[in-house]
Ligand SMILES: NC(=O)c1ccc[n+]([C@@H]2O[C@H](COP(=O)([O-])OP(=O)(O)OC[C@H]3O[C@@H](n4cnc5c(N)ncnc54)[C@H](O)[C@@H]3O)[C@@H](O)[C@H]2O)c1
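Okay, so here's just one chain, in structure tokens, the form predicted on its own.
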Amino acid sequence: MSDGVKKLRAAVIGLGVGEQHIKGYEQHPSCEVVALCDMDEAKLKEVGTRHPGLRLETDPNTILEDPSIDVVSIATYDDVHYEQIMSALNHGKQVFAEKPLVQTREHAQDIRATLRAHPELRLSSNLILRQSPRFLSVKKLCEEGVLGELIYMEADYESGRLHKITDGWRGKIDGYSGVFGGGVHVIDLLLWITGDDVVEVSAYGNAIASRGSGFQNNDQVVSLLKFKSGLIGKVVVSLGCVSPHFHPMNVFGTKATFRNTRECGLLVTSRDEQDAHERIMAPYPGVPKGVLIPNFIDSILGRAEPLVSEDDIFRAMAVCFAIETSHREGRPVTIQRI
């Protein structure tokens, strides 16, 4: 699309976190939000009041099948992502999806095949931690060789919000996975920071924190990741921990170590406990939920490479699927690319 052509017309389906997508679209001069959709009429009216003048719909199909809409955000419950993403793509729309993309490997393969059949369409997902200034600093340290050769990395998704699976919608849908819904963020971080591929995972889980609630999956999952380079990784997804929401990270290299704390990042360059550590004060998380959307619009227009590409999404999801299989079946699982 060249300059002078009409603005891309965007719609947002699902107005929980999806409301924060609106600002991302509005920040781009070549895009305008024209419609909002939520099956909850009260929620739709509430959000519509804050964003007057937009078309309001309770039926997602009216948005997905509308030929006048060019771009759609899918920010609905996880168990309807597949159906809605496929409909959007089959109706010629560019898609920005909340994580997780889908809940099964087979659904991911279907979406991948549809994208290959329609190379004019773009797909991205809201993996926003890679735009956090703190984690951008870590990636820069690795790229500049400050840490040396990487030995070990660990990144945790400490949810600290047990009520979301015991009382909220997550505990009511079939197949909800904390690995898919939260762990994908830190899995993506490890892949993005290292540029390396995970080849095998071994995972263990339990459901102690949510016992008796009716939640159908493990709320605590610990995974060991074997990377192609020989690097070892660990990812912890804890939905029931007694802790404020946080993403701890440790990166061990042959020259230095990076630690993410709530107050700051720490660069450790000495084994002597008396030596001071360098404090990295880049904000954490420091990013709004719609931060990736302007770049997504630029990628549609051919003006920029996507910050989160289709390959990035499917690489992260392939690891997620392997972790889920491993902790359910009690065995190591080799990564199968999608």
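Everything quoted here is computed from the prediction, not taken from an experiment. From 1 onward, residues are counted along the sequence shown.
The form predicted in complex with the ligand is left out here; the points below concern that form.
At least one heavy atom of P60 is located within 4.5 Å of the ligand in the predicted bound form. With a 4.5 Å cutoff on heavy atoms, V236 does not count as touching the ligand in the predicted bound form; it lies far away. Taking the partner from elsewhere, N126 is found to have a heavy atom lying within 4.5 Å of the ligand in the predicted bound form. Contact annotation for R134: none of its heavy atoms lies within 4.5 Å of the ligand in the predicted bound form. Here the chain stands by itself, but in the predicted bound form one stretch of 264-272, 214-222, 98-106, 236-244, 98-106, has heavy atoms within 4.5 Å of the ligand.
Proximity to the ligand in the predicted bound form, taken as a non-hydrogen atom within 4.5 angstroms, holds for one residue of M317, L15, A10, I323, which is L15.
A heavy atom within 4.5 Å of the ligand in the predicted bound form is found for one listed residue only; from K43, H277, R55, H51, this is K43. Proximity of R130, K226 and S309 to the ligand in the predicted bound form is absent: no residue of the three has a non-hydrogen atom within 4.5 angstroms.
Contacts between stretch 170-194 and the ligand, counted in the predicted bound form as any heavy atom lying within 4.5 Å, involve R170, H185, listed in sequence order.
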